[in-house]
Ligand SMILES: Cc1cc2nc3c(=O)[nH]c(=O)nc-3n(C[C@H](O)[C@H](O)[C@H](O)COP(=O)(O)OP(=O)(O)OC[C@H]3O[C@@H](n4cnc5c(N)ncnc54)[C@H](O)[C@@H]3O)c2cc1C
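Below you will find one chain, with nothing else, as structure tokens; this is the form predicted alone, and questions on how it binds or moves follow later.
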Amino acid sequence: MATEERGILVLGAGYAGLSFAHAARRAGRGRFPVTVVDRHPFHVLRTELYEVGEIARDPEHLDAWAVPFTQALDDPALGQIVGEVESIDLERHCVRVSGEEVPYGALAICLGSVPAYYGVPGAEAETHQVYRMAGARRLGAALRQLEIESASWTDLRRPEVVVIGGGSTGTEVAAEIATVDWPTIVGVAAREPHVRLVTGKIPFLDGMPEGLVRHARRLLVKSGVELIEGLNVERVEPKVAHLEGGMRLPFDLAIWCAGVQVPPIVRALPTAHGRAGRLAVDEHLELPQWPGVFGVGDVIEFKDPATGMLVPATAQAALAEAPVAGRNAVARLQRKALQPFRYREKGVIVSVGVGRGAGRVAKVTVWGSPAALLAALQQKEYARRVRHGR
């Protein structure tokens, strides 16, 4: 079978994979089959999984955060395979999916990321996470149960929640839990949780614009979130996190938001890697040693030649990379010149509680309800496009 006839295989149906697939379909004009592989038959709105209050309202309800393939890939030119990616054979140009070999002409690796626990004892076993839909649902169910139980406690204490990780994910989760109207969510006289955010030795919201960080900190404190900065978590035991210097943080529920890494299957690929196992790609978002193999989103490390800066592993970056990589995959099959990728930050907004946010857009710092409204509008527009298969 000729390389062109094998078509384009897309591993992962997240922000990167979905956008790549649509871009490749448009660029190929039906000449090359495009097939998307994912373990689930739906696309997850992953950047909204911090909304753990709404998830706790009904942890089994998926509609608000998951778009089925029947909508997201509603095009006869887009194929779908629901299965587990077990191995990637770059030499033979094939991927093993749930026991079956699937050949490809061009490949897009868009498998996202998984939590990084950095060898901290007990971190994986004793904490929750929101990086995947299953994890967010488990956390929502656990929060719901904790709040229901708190209504019947005979003492005066509040539920203790510890969030580990002071980046955007940890900030959004901590603020959400602290500002949710829990009695309305769970239907009983639940108690307001006491939320601690452990940022570790990495500065709070490291890498974000100074004005955004300042306003986010103020909104967090106003929400009642207690920040613990400068101390890493050394180990996590049942109901207690141990920090450097002997500090102990008892908790009823702990959430790990301290960072991500690439899945093991990506780390094992015989190619150049960057930090945390990310794939080192060239200016075309292609693996230099493997023509026709592209990486997009959280799985890659890309240094913008224009700025010398690493492009952040964000949904915004993935959505910018994917169209370029999708067109390049088609160009590779057509033996045409490839397009270089250049990243331009459009702005960044961090949710800091229900109806509140902090951000920087077009060099202007925004905060409070205007920032939250901008974020909500962006999320709704993206979800609308996905539900209409665009």
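A quick note: this is a predicted structure, and the numbers were derived from the prediction, not measured. Residues carry their position along the shown sequence, with the first being 1.
Separately, the form predicted together with this ligand exists; it is not shown, and the next lines address it.
Of the options Glu226, Glu84, Asp75, Asp89, which one has a non-hydrogen atom that comes within 4.5 Å of this ligand in the predicted complex? For this set of options, the contacting one is Glu84.
Position in contact with this ligand when the complex is considered in the predicted complex, options Ala56, Val324, Leu49, Val330, heavy atoms within 4.5 Å: Spelling it out, the residue with a heavy atom inside the cut-off is Leu49.
Whether Ala174, Arg191 and Phe251 jointly form a contact site for this ligand in the predicted complex is the question; each needs a heavy atom within 4.5 Å. No, the whole trio is out of contact, none within 4.5 Å by any heavy atom.
Look at the stretches 269-277, 210-218, 195-203, 165-173 and give the one with heavy atoms within 4.5 Å of this ligand in the predicted complex. Comparing against this ligand in the predicted complex, the contact stretch is 165-173.
Taking this ligand as it sits in the predicted complex, is Arg31 in contact with it (heavy atom to heavy atom, 4.5 Å or less)? Contact check for Arg31: no, nothing within 4.5 Å of this ligand in the predicted complex.
Is Val102 close enough to touch this ligand in the predicted complex, meaning at least one heavy atom pair within 4.5 Å? No.
Could you confirm whether Ala16 comes within 4.5 Å of this ligand in the predicted complex, counting heavy atoms only? Within the cut-off, so yes.
Determine whether any heavy atom of Cys110 comes within 4.5 Å of a heavy atom of this ligand in the predicted complex, and answer yes or no. Residue-level check for Cys110: yes, a contact with this ligand.
If we check this ligand in the predicted complex, which of the residues in 288-323 reach within 4.5 angstroms of it by a non-hydrogen atom? Val296, Gly297, Asp298, Ala313, Thr314, Ala315, Gln316, Ala318, in sequence order.
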